[in-house]
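We begin with a single chain expressed as structure tokens, specifically the form predicted on its own.
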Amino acid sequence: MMQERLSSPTNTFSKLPAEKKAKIEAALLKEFADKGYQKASLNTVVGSLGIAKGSLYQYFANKESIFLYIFDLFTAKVKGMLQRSSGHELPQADLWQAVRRTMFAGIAFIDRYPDFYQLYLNVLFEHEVPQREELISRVRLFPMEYFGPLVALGQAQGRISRAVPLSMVVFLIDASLDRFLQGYARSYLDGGLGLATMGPSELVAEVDLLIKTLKNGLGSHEDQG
């Protein structure tokens, strides 16, 4: 289940008109995405919004609480994406179809919300982020929550090896998805695959190859014993 929020704004912020809240959230997200936590400037944000800096402190306790609130928005969007794509129609649900849907949902997420994805990358690679370990661990819990039951079902039905612990199966799926999406979003992280320059059909083929490899393994069928 989703844990409680990392940070909540004041009632003053909660009572703002939806359009004004969305404008403030977008400005804060852009600043943290573009510059990371340490270099982000609240002065820049209030300047772009045309409001007094004191207004932000009527809405949030401090810079840390603002950042955690914005990260909460990111995790909520990720959770929603997984809920729509994971295919939990047990017992009919198929793990590999769920992984495939999640992969394409992740690609669509990056295309639609590039600033949110950059915020996530900043947390991964910027060490001076408040509560960094908890932020990363929250995101890492999602795959176990959504893929764990499907892996358990596949193992019970003999379609997934019982020799590999459930947690390891989920870890391998999560690691593959995460690195693939990082490579799609940033070419310097793709290990030379060229994901960002691929056309739609090429990208589909690459996703299917990755999932086939996860499903069947890397070992040659000729190399047994």
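The first residue of the sequence shown is number 1, and the count goes up from there. Please read all numbers here as calculations on a predicted model, not as lab measurements. Definition used throughout: the rigid core is the maximal C-alpha set that superposes within 1.5 Å between two forms.
The protein also exists as the form predicted in complex with another copy of the chain; that form is not presented, and the subsequent description refers to it.
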| query | finding |
| --- | --- |
| Complete contact of Phe125, Arg186 and Leu214 with another copy of the chain in the predicted bound form (any heavy atom, 4.5 Å) | yes |
| Of Ser161, Asn43, Thr197, Asn62, the one that lies within 4.5 Å of another copy of the chain in the predicted bound form (heavy atoms) | Ser161 |
| Proximity of Phe180 to another copy of the chain in the predicted bound form, heavy atoms at 4.5 Å | yes |
| Partner proximity in the predicted bound form: Arg132 to another copy of the chain, non-hydrogen atom cutoff 4.5 Å | yes |
| Another copy of the chain contact at Glu206 in the predicted bound form, heavy atom, 4.5 Å | yes |
| Contact flag, Trp96 vs another copy of the chain in the predicted bound form, heavy atom cut 4.5 Å | yes |
| Interface residues of 36-63 toward another copy of the chain, as seen in the predicted bound form [heavy atoms, 4.5 Å] | Gly36, Gln38, Lys39 |
| Threshold 2 Å Cα movement between this form and the one not shown at Asn43, rigid core reference | no |
| Thr213: Cα shift of 2 Å or greater between this form and the one not shown (core-aligned) | yes |
| Asp174 C-alpha shift between this form and the one not shown of 2 Å or more, rigid core reference | yes |
